[in-house]
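The form predicted on its own is given below as one chain in structure tokens.
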């Protein structure tokens, strides 16, 4: 059996082999066959608010810098000087006219062009600066989401996202007409494989078990809203490894049903907003504050999850970094944005209920994966309902991701 066939055999329709979590050789192949061969999320446009702004990011294991040049065009550049390979950027984000390599002083502008070389006469006529820009990746955006790819011959981003675009459009309605901005983030690592977290985004089956402490912290009305297994939700395979999990169907379209009663927990916010906004605008903002009723999983590394972005970064076969990005309304009312931050802190913040509980579950999966030499991870829940859709507790989204995994690893 050739290597491509061997990889494909490890991901069946109803199960995947445990070695997908534990084998360093498989991890290395994933970085080459998946992360270097598809569209990978690197930023949100709001993180680059002005010309000459930048942020550090990664495409798989490869460090990159996302920049907005003086003409406001976006670029994604490998964070590696073309001289002796030193990184040219060490600040997580900021503004700059140039990136200057602190080893030998080669300087690059925000487009990646090499602009200056100290003591250039030492090269004689052997150095043409035009030949040594920072390596630039292909970059495209959709609804403010910035993606990059190592491949020039890949399909357009819009085509890759396919039906997921309609769900992204719905997700962005939580901007309440003001647009979406990243309002802050926190990062943490867990000792487990990146695919464990990828699976979690469309796993509602665990919610009432793992997040019981969160549910008991809510008022009765909100606790009822988060009865995610009892509201008729569903999961869809959106193609190319993407999927959507609808947990609260009433919150799929935040601009619908604006005449519904304002929940008790938002009454004080509504009263504050009413001082400066028309009644219908108050309802639109308040309805958007709590976020959407669904999670979108965009293969391989980002989720638009109810009211935040969750970004995964593979570090090693048994280590993954997670970034939880709180979202606000760009130019929206301060009171509404403060309310969104408090909700984020309650569940996904570093001292919230959700993040520690999820991370503990992911770590236990990695520990358990060390037991047994030839065992499989089951993905068969809801399979009898159909391969592309299922109820909200089905493992449809996981099967969608592993279909794409199998396809890419078999290339």
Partner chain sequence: MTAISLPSAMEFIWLEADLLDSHDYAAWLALWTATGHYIIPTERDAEDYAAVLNVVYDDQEMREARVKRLQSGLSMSASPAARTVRTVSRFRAMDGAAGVFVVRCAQHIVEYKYDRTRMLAADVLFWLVPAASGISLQRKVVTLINGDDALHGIGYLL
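Numbering follows the first chain given and starts at 1. Since the structure is predicted, the reported quantities are computational estimates derived from the model, not experimental observations.
Another form exists, predicted in complex with the partner chain; not displayed. Remarks below refer to it.
A.B. asks: Quick one: from 84, 115, 151, 189, grab the residue that has a heavy atom within 4.5 Å of the partner chain in the predicted bound form.
C.D. replies: Exactly one residue meets the criterion: 189.
A.B. asks: Answer with one of 248, 183, 204, 78: the residue that has a non-hydrogen atom within 4.5 Å of the partner chain in the predicted bound form.
C.D. replies: Of 248, 183, 204, 78, the residue with a heavy atom within 4.5 Å of the partner chain in the predicted bound form is 183.
A.B. asks: Heavy atoms within 4.5 Å of the partner chain in the predicted bound form: does residue 382 have any?
C.D. replies: Flag for residue 382 set to no.
A.B. asks: Is the gap between residue 172 and the partner chain in the predicted bound form 4.5 Å or less for some heavy atom pair?
C.D. replies: No.
A.B. asks: Does residue 326 make contact with the partner chain in the predicted bound form, using a 4.5 Å heavy atom cut-off?
C.D. replies: Residue 326: yes, in contact with the partner chain in the predicted bound form.
A.B. asks: Can you check whether residue 128 is within 4.5 Å of the partner chain in the predicted bound form, heavy atom basis?
C.D. replies: Contact check for residue 128: no, nothing within 4.5 Å of the partner chain in the predicted bound form.
A.B. asks: Just to confirm the contact call: exactly one of 368-376, 345-353, 38-46, 25-33 touches the partner chain in the predicted bound form at a 4.5 Å heavy atom cutoff, so which is it?
C.D. replies: Stretch with heavy atoms near the partner: 345-353.
A.B. asks: State yes only if every one of 90, 107 and 140 has a non-hydrogen atom within 4.5 Å of the partner chain in the predicted bound form; otherwise state no.
C.D. replies: No: no residue has a heavy atom within 4.5 Å of the partner.
A.B. asks: Where, within 358-385, is there a heavy atom within 4.5 Å of the partner chain in the predicted bound form? Residue list please.
C.D. replies: Contacting residues: 360, 361, 363, 364, 367.
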